[in-house]
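Presented below, as structure tokens, is a lone chain in the form predicted on its own.
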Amino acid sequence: MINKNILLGVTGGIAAYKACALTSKLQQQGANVKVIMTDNATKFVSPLTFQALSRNPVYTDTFDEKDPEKIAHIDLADWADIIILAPATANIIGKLATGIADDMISTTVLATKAPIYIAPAMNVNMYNHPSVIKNMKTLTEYGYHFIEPGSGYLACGWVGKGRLEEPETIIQVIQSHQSNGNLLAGKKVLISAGPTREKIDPVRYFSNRSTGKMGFSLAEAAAEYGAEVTLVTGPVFLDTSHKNIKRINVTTAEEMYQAMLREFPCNDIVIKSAAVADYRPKVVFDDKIKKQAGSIKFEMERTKDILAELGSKKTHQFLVGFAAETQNVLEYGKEKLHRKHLDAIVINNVSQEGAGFESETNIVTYVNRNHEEYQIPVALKSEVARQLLQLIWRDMKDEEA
């Protein structure tokens, strides 16, 4: 952040008070900070506070031209190396997504070519509203970067996702992204995600608890790092928003096997994070099985081992597997690393709180084929994904050297 020109946009939410700490910490990091506030933001925190913390004038009015030789919002748009919107309300997100420029922040942001980081803060129900989700997806497609809000007790009394991320975390995420923005530029990355479904009859299937969040986080992070990403996913309720991600939807283990083998040869990094069914029913019924007295049995047969097959066909690819275990976690994970000819494996204990399926967070151990272990403590899956890709990039560089 040293000597970086940071333009901080503060919009009208109770979390505006955290922007004061963010301004101070950016200053302490050596950044030059200027602040723009919406009219509603000034009702929560005085512009004088930000002026004292930033040691620069605070901008609130598009038509208040402090220097007659310059147009203020264009001058600020050109001056900024980085723009941060924190807190970002549903209102400013909606404006930017639809191209509305009716105040100092929106006119400046729409006129800049600097990277833009948005840290939302709002009620949990607002954050999950379809229109807000759509607007955030649109902005992501435009190249904006989102710093996800935290979960917890909100000022409105609700408990859930929507709390502005802490200033230290916001700075850390931006620093990480800035330093690794082109980490995987020119690389092709193949990722599998989610569960598979193995049909029993027209209305039933066998599956598992995977939501695909870890694989999708890896795909988004790889795309942000400049890679061309192919994501092969089982049936999940997740969207892909980055323009550098090609999505292939599959349902069964066999469909995922065919898709992964087809895409495998032309990729540089391959990460199999999908929870693929190990078994499927040997007989699939054409008609719905009717309820009957007593128990029912299904004979199961093995599905193809996708990861082992990829390991046997590997040429130049850096191949990474996942091991979701509940006991002897490291032992089983390392055995899988060698048996399937992997370059690295990501091991987690899915019975551990904060890790595994149906969770926003994860706790993992990354082990490469040299038996070097790296612990990633509990963190959002998006952050875990970024750290994993940095480890993969480092190991690939070591091999090339």
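Don't overthink the numbering: it's just position in the shown sequence, from 1. Source: prediction; values computed, not measured.
Note that the form predicted in complex with cytidine-5'-triphosphate (CTP) isn't included here; everything after this is about it.
Interface residue remark: Gly162 is not counted as part of the site for cytidine-5'-triphosphate (CTP) in the predicted bound form, having no heavy atom within 4.5 Å.
Proximity of Lys246 to cytidine-5'-triphosphate (CTP) in the predicted bound form: non-hydrogen atoms within 4.5 Å are absent; the residue sits far from the partner. Contact between Thr107 and cytidine-5'-triphosphate (CTP) in the predicted bound form is not found at the 4.5 Å heavy atom cutoff. Using a 4.5 angstroms threshold between heavy atoms, Gly321 counts as touching cytidine-5'-triphosphate (CTP) in the predicted bound form.
Taking Val132, Ile269, Ala277, Ala97 one by one, only a single residue has any non-hydrogen atom within 4.5 Å of cytidine-5'-triphosphate (CTP) in the predicted bound form, and it is Ala277. Checking Lys188, Arg204, Lys313, Lys304 against cytidine-5'-triphosphate (CTP) in the predicted bound form, a heavy atom within 4.5 Å turns up for just one residue: Lys304.
Residues Glu325, Lys336 and Lys340 are all found to lie within 4.5 Å of cytidine-5'-triphosphate (CTP) in the predicted bound form, as judged by heavy atom distances.
Comment: 304-312 is the region of 261-269, 304-312, 143-151, 280-288 lying near cytidine-5'-triphosphate (CTP) in the predicted bound form, near meaning a non-hydrogen atom within 4.5 Å.
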